[in-house]
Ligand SMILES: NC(=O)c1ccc[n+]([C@@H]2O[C@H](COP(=O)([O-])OP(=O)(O)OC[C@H]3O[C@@H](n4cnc5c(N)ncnc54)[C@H](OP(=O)(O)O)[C@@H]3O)[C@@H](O)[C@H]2O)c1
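As structure tokens, one chain now follows by itself in the form predicted alone.
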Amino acid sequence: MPSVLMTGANRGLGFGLMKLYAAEGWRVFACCRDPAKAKELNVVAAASGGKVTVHPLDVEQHASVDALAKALVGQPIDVLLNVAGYYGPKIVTEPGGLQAFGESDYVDWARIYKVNVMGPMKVCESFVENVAASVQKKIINISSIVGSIGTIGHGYGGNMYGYRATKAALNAITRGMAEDLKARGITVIAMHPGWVRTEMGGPSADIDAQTSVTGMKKVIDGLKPADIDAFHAYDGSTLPW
């Protein structure tokens, strides 16, 4: 039975991906900050016959990551999915939500970096042996098109400085990680999920969550080692770094 571990599994894209893997009978380690409050996730887990289990994991708290890694020592993880992310205190469509030049909140920048960059890095380092012990050996870090430097000025403007910077940083560590781990047979990619109508993406986004997660899973299912050279999008296309 293949297995997947994902962060941010209690809502948005993480919840949608979790349901897809659960529906296919995968062993799902569904992680979120507070399992007691993850009502919908717990409903899915209760109906899964033990294939879906819910685990406390807060990517801001490295001790939390270490605790789960210790609990899962020896457990192969075919797909490691870093989904948990943080845009900032406001969504794009709210006043002040664009994180425009001249409006930087550097205290909040620190949290965005902690969640979006250091969090995935810590999760990858903590669970790499589990991935190496699996059959599929895949690590997927959910990024964003705004982290693509090559798109700036080509249909995409500035703004979103804190969030944009963290996603560019995530792309950089993902690409470096892919090179470092390819000798172990591990395929590591960054993926743009689209601009999705979730709590983070807001109500004016381009696509719904089902379109995004279905597309992402199709890309993940078809991943090959050579695919580490590209920044992937949910629809099968690739983006400039």
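Since we're looking at a predicted model, the values are computed, not measured. All residue numbers refer to positions in the sequence shown, first residue = 1.
Below, we turn to the form predicted together with this ligand, even though it does not appear here.
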Testing 22-30, 58-66, 41-49, 175-183 against this ligand in the predicted bound form with a 4.5 Å heavy atom criterion leaves exactly one stretch, namely 58-66
Is Val54 close to this ligand in the predicted bound form, meaning a heavy atom pair under 4.5 Å apart or at it? no
Just checking whether Lys137 would be counted as a contact of this ligand in the predicted bound form - the rule being heavy atoms within 4.5 angstroms. no
Do Ala168 and this ligand share at least one heavy atom pair within 4.5 Å in the predicted bound form? no
Is there any non-hydrogen atom of Leu72 lying within 4.5 Å of this ligand in the predicted bound form? no
Within 186-207, the residues having any heavy atom within 4.5 Å of this ligand in the predicted bound form are His192, Pro193, Gly194, Trp195, Val196, Thr198, Glu199, Met200, Gly201
